[in-house]
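Next comes just one chain, in structure tokens: the form predicted on its own.
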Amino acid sequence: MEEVFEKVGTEVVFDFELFGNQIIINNTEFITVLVTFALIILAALLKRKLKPDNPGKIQVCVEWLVEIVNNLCKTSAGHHGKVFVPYIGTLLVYLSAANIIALLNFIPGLHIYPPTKDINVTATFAIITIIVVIVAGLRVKGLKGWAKTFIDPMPVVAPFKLLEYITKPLSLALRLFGNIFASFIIMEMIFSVVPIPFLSSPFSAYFDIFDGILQAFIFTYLTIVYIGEAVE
């Protein structure tokens, strides 16, 4: 258990001096940047191989994912949903990749953990999301129309509607962090008892893949629901 909980904390990966300032990069920051660049490179490679007339299996899967995001945005935000497709799509793909990156630990010598097990990462995504929600409301309704939503249907509800802009990102951050953190702890305990990858792979299929993608989808779905509420 001591070894398991030692992996929960952040570890320094790089420590160097730049222009007289000490720069410290921990494992959470390193993996976050690693996932970002990996997805950028993957997107660039997929874009170069697009074939409108004769799509391959990978392109069909990508188009299927895009269609899911389009339908999700259209259902929740109506005709305004198209504007938010790039953000929602990026959010879904990034969180899914970040949540399941622990699968690489099956390669001997690698110690890569999901950055979403760090509350700072999930809180950042939640803050970005609530900013997008506010901007969406202002863009569609204008400042006056957006302000009126706080007193609809009666002024007495204004404090509660203001409180939502705190509780919504808080619940988003804690839900994602709690589930990924719990899955990480459980998998590390399983690995310590069953160190053979073949025997522990069924557990990894659930806690790393299924739960990771599920939590990414829940975060994304709630995001577009909140956007839909802001623009309706």
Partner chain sequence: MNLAAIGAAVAVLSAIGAAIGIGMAAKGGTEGIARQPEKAGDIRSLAFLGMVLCEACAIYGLLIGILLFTKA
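Residue numbers count along the first chain shown, from 1. Just so we're clear, the structure is a prediction, and the values are computed from it rather than from any experiment.
There is another form of this protein, the form predicted together with the partner chain, and it is not shown here; the text below is about that form.
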item	value
Stretch from 38-46, 172-180, 56-64, 22-30 whose residues place a heavy atom within 4.5 Å of the partner chain in the predicted complex	172-180
Any non-hydrogen atom of T220 within 4.5 angstroms of the partner chain in the predicted complex	no
Neighbours of the partner chain in the predicted complex among 119-156 [non-hydrogen atom within 4.5 angstroms]	none
